[in-house]
Ligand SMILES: Cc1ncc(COP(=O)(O)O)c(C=O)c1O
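Presented as structure tokens, the chain that follows is alone, the form predicted on its own.
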Amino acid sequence: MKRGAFLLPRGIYLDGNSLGPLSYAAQAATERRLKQWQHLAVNGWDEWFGLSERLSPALARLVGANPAEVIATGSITANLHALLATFYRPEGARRNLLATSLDFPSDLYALSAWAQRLGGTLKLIPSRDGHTLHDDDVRAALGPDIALAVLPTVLYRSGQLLDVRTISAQAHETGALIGWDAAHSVGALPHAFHDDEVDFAVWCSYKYLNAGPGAPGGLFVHERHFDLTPGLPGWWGHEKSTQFEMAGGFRKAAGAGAYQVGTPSIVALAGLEGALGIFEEVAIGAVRARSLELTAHLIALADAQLPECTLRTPREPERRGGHVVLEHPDAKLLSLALRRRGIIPDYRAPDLLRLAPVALYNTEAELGEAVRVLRELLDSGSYRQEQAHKSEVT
């Protein structure tokens, strides 16, 4: 789709759901900002001031929002803390937070901390199979005691895609607010956060957005909440026209920009600036269609050639995100052996291989070769030799 736009690492790269590869556009944008720093030093702020806001329209198109509802800032966990400080307001019997037992741990750390701080309880939606969520269990968990639910759009350990619109409506029907962690979906599939009446959302930009390691995250705040004052105010979230007056009182910027806290890294923003240009050339709907083709192809290959592996990703396209998860008791050793053969998967303890065929740069031929090598390793048993190596898979 846009394979020629990337400086792909050698071999077959199937870990773009952990870290997207470098693109020529991101490289060029970063080099440009570095040269500005070199030649302009502090005068570069004449150009850099407001860079995050200038990226909002491109991000808004990816998540289905108005530009004022979106800002590139912080990291997922830092942004989640800022939004919990604003939106989690336990009152009366409605005191608890709701998440899922399958959440990314960092989200649970943040949610647990705020529940303890404000006297609530973090409740977890159970999983019937240890990998996915059942619609009925989500609905049942949204009781009258829940003040705020925070759920992942795509479960990182299985690739299950949750129904954002339906669950958001269910939360609101019970009187709860709802936020979403879209780390494993932004850049892989379309969203409609505004129309779905999501209260807030957070995401990173180093996975499917390919903005670089540790690149700035992003957040969405629905415009109906623009009257709220951020719970963690900082000077970069101040009203832009008077920010440098250094007044003692905080006057929040309009929209989601108010949730910026400290001075942004312009070099880090540059990677996102360049990477977003690719999504200006390819519609996110087309990315989703191609992603579904690739994940379906990979599932078919696994069904036919890897009977020892258990598929943990939903087969239904409407319930599937951008990656495929295979379970095998020797997943760690297999992942190490694949890497030594030039195929880069992702491993999650204790027994999961995550494979992400990314629409922008992966091909069916690469998937065929990856499955062929995996079949060869299983047949020969040679992957067990990895036990002697001390390498750790992250």
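Just count from 1 along the sequence shown to find any residue number. In this text the structure is predicted, and so the values were computed from the model without any measurement.
Missing here is the form predicted together with the ligand; even so, the following discussion is about that form.
K.L.:
Whether residue 196 contacts the ligand in the predicted bound form should be assessed with a 4.5 Å heavy atom distance threshold; does it?
P.N.:
No, residue 196 stays farther than 4.5 Å from the ligand in the predicted bound form.
K.L.:
For residue 96, is any heavy atom within 4.5 Å of the ligand in the predicted bound form, or not?
P.N.:
Flag for residue 96 set to no.
K.L.:
Taking the ligand as it sits in the predicted bound form, is residue 183 near enough to touch it, meaning that at least one heavy atom pair lies within 4.5 angstroms?
P.N.:
Heavy-atom contact with the ligand at 4.5 Å: present for residue 183.
K.L.:
Quick one: does residue 104 come within 4.5 Å of the ligand in the predicted bound form, counting heavy atoms only?
P.N.:
Close contact exists here: in the predicted bound form, residue 104 approaches the ligand to within 4.5 Å, heavy atoms only.
K.L.:
Out of 75, 170, 86, 100, which one falls within 4.5 Å of the ligand in the predicted bound form, going by heavy atoms?
P.N.:
Only one listed residue qualifies here, and that residue is 75.
K.L.:
Sort through 128-136, 206-214, 233-241, 312-320 and report the only stretch with a non-hydrogen atom within 4.5 Å of the ligand in the predicted bound form.
P.N.:
So the stretch in question is 206-214.
K.L.:
Using a 4.5 Å cut-off on any heavy atom, which residues of 135-173 would contact the ligand in the predicted bound form?
P.N.:
Contacts from 135-173: just 156.
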